[in-house]
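Only one chain is shown below, in structure tokens, and it's the form predicted alone.
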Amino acid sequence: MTATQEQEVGAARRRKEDAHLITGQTTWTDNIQLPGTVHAALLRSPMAHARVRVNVAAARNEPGVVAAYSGADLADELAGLPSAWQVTPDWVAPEHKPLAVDEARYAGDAIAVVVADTRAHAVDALDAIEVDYDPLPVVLDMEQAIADSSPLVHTEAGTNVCFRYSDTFGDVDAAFANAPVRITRRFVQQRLVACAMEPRSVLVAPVPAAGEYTVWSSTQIPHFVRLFLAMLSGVPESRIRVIAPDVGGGFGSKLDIYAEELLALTLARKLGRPVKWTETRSEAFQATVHGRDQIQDLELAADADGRIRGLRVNLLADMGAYLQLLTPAIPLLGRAMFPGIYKMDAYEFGCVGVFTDKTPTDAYRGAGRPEATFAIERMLDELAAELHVDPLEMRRRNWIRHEEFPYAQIAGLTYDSGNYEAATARATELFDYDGLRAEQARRREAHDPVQLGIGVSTYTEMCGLAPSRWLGERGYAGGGWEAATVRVLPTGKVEAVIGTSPHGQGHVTTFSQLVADTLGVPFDDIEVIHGDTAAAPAGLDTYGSRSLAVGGVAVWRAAQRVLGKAKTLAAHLLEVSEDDLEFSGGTFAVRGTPGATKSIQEVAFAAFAAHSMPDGFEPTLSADFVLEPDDFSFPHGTHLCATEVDTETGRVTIRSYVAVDDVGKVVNPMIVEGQVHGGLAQGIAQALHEGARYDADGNLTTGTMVDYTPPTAADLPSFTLDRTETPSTNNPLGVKGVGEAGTIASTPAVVNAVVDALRPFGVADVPMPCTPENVWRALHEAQGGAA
């Protein structure tokens, strides 16, 4: 750092990566062109459940076709896809072949593949494939699926129950038996589609003579893709290189090992040519994993003044037709988060994972935690209404006070730090809470057809899945560590090699800021290398808001090690003790001896030249660090939403939205705000707009953007954002995660506002999404009318 260089951590730096991301210089997987590439297209079952007999002979004679295979043709060559989180010892995990062999189990299940010289030829040849479909009974409803008389998704399993899980903390029966207030509610988390801007794509290029394969994939997890492709194909891990180039969003949907990745590797191996597959938007809706899809039954017990005594949670969680990488674990990630920020005496959690004839579910932004936060925040509003207490006051009576941290909450987690009072105070100030409540009262008294609703959401979440031991005790096959390498090159430039892999988060900028401050080098002299298992061989990738809280700390630790090496060499070059050196602005100086200095760049070149070294000194300024985190970090915040609800049409309009988040130490405020904006858009979308629906035969009726109705910028309000800053005590940087905060907090804030507007009409819930139709039906049903 030069004498005039400003502190990087905390500065709102524009993102380095945007220069190419917004000027059309990106490298999406589908844009990569290799000589001799052939293109794969998949035939997908139009039926939700059917026995299939597939004949691809005619397709092989179509123009441009190189090969065509049914599931039966490749049955012996294709391993089943993995599920890496065995949540109970007796779980049911049916075999999941990349191509269904004799039975399709959801509309969109792939049953054959054609490979041709062009994508158009491959798609055209799908029409020549002969398929006999023998329809089988379909089960779509989770409650029907667990009934004894239900059709079975996997006959050989003998059940549609994937797992049954339960936990109890404290004396739940006593808490409920002695409580004067008990409320029971059912909430439904509708099924969601991720809708990443870049569809999934994979390209596999073989080097037949060497038995090596380069895999480009629009994935969040290149290291996991390499590991599982090696395990499933038998190709040594050292001969598979996975590159995640520019990746246009994931939101959890690209945190998976997909059939098409294994298929592309298998086909490239068989044909000895590069094979590419890119999904259409329709395939993205049908065959990329869906999110959420839970039925939540909750019961809350409280004292007469609203202090929570006990909580019971029972979930039905839709697995879809198969288990993907983390499918059964997603609802259980919310297990410990249902108590939220509140103190209680007892807690009981139960969950049943259920197979249905629908697209598999898996991680979707927040993965289990938004579902939990939605439920507890809705329950707090219901308790407030029951006792005629302001929703904010109800939360104050129950939340953990800032002086009580670290706090061991009821479900076994220890929250590191927090100040719910400060975040809520700032949010209510920005929102003009009292003023809006007064306006609400006036509108109610005037019988205004457009009623004002005020929604509150005070949340916490667990970020950075860790430690590895914790994950292993819960059946997860992987770990929670993260790796980084930092090296100062002979030119004085710096390379930071990271194990996390960005898909829009701004890793390059954020990690450059961390390294710049640590080593005192200019921000622009730092290159961040990621997303290529050849260049960054160790890592556990990006998901669960772990990149900064885990990966960033690993980078910082590696930079600290480099600094230590540099100090040793600088002391040798200056012929003084290390204790005589001070380091500032990228320069080592001898205390009390003006002019006796060595910049870190000079030290780096001296390490490269290696002409004069201390005994045993490795002639590089490079260091690795593999971080095993001590624990999660727990961001929190308060979100307030004001909605105007037209009681004649059901239309909901967000009038104002205030979010005050506390994500610990902030490295780049601009990136944090961008992450919150994106999260708010997704959470509000669940509350008001989006939902995947199936007809009675299992056809996805929301398989296009027009039917699924994701919001545009015009559908969203201007957000008012602010922060409080309570550093994490679980890592030396004090940082926490932010990527999922907006999504987790906003959905209950919006729905609470909608319900609040309609409560005088007897409405206690509106099913999501709160479309005009759903609002109108809720109003009429509450008033005893036929909806």
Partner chain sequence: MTRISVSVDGTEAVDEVEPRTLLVQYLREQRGRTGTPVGCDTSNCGACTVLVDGRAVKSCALLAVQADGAEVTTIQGLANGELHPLQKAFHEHHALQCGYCTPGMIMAAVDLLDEVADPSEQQVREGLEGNLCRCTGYQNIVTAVRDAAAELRGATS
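Positions refer to the first chain, counted from 1. Note that the structure is predicted; figures quoted are calculated from it, not measured.
Another form, the form predicted in complex with its partner chain, is not on view; read the next lines as being about it.
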Please pick, from A411, L716, A230, V181, the one residue with any non-hydrogen atom lying within 4.5 angstroms of its partner chain in the model of the complex.
-> L716
Pick from R281, R239, R693, R591: which has a non-hydrogen atom within 4.5 Å of its partner chain in the model of the complex?
-> R281
Thinking of its partner chain in the model of the complex, which stretch from 53-61, 724-732, 24-32, 758-766 has heavy atoms inside 4.5 Å of it?
-> 24-32
Does its partner chain get within 4.5 angstroms of any non-hydrogen atom of P522 in the model of the complex?
-> no
For I257, is any heavy atom within 4.5 Å of its partner chain in the model of the complex, or not?
-> no
Is G564 close enough to its partner chain in the model of the complex to count, meaning some heavy atom within 4.5 Å?
-> no
Interface membership of Q560, its partner chain in the model of the complex, 4.5 Å heavy atom rule = no
So, H503, M670 and M705: all three within 4.5 Å of its partner chain in the model of the complex by heavy atoms, or not?
-> yes
Stretch 222-248: residues contacting its partner chain in the model of the complex, 4.5 Å heavy atom cut-off | V247, G248
